[in-house]
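The chain below stands alone and is given as structure tokens, in the form predicted alone.
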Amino acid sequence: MITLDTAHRVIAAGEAKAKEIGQPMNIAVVDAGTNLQAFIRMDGAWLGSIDIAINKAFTARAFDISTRDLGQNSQPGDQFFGIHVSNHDRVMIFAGGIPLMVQGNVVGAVGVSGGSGVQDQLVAAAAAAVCK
């Protein structure tokens, strides 16, 4: 189970990384049931990325895989091609969503959106590292 305290620490780590790289981000944390546990929109972060961050977290937990990895396996001809239209179009197939692991168990996920895919992944990785 992910506690609110842990969710806040995940967000704080992501926010610190976003400040370090100079890119305001939206950062969402969901629990094991894909329910939104905590969220922040940094000053200046894109409004259009709010839902994307939440849906990246949803996707990472719903499939227990990073959205970057899911995206690599969902290209034409690959095993998950078309998955992005499942779950009422909530599935995100680009970088920035990572499952949160505690003692080998998935307890939730973090989703980050507001920059390039590389930036989103960097921030998400820094946030997810809190749970390792």
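Owing to the predicted nature of the structure, the values given are computational and were not obtained by experimental measurement. So that there is no doubt, residue numbering starts at 1 and follows the sequence shown.
One more form of this protein, predicted together with a further copy of the same chain, exists but is not displayed; see below.
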property	result
Any non-hydrogen atom of residue 24 within 4.5 angstroms of a further copy of the same chain in the predicted complex	no
Interface membership of residue 105, a further copy of the same chain in the predicted complex, 4.5 Å heavy atom rule	no
Contact label in the predicted complex: residue 92 to a further copy of the same chain, heavy atom within 4.5 Å	yes
Interface membership of residue 66, a further copy of the same chain in the predicted complex, 4.5 Å heavy atom rule	no
Within 34 to 51, the residues that have a heavy atom no more than 4.5 Å from a further copy of the same chain in the predicted complex	35, 36, 37, 38, 39, 40, 41, 42, 43, 46, 47, 48, 49, 50, 51
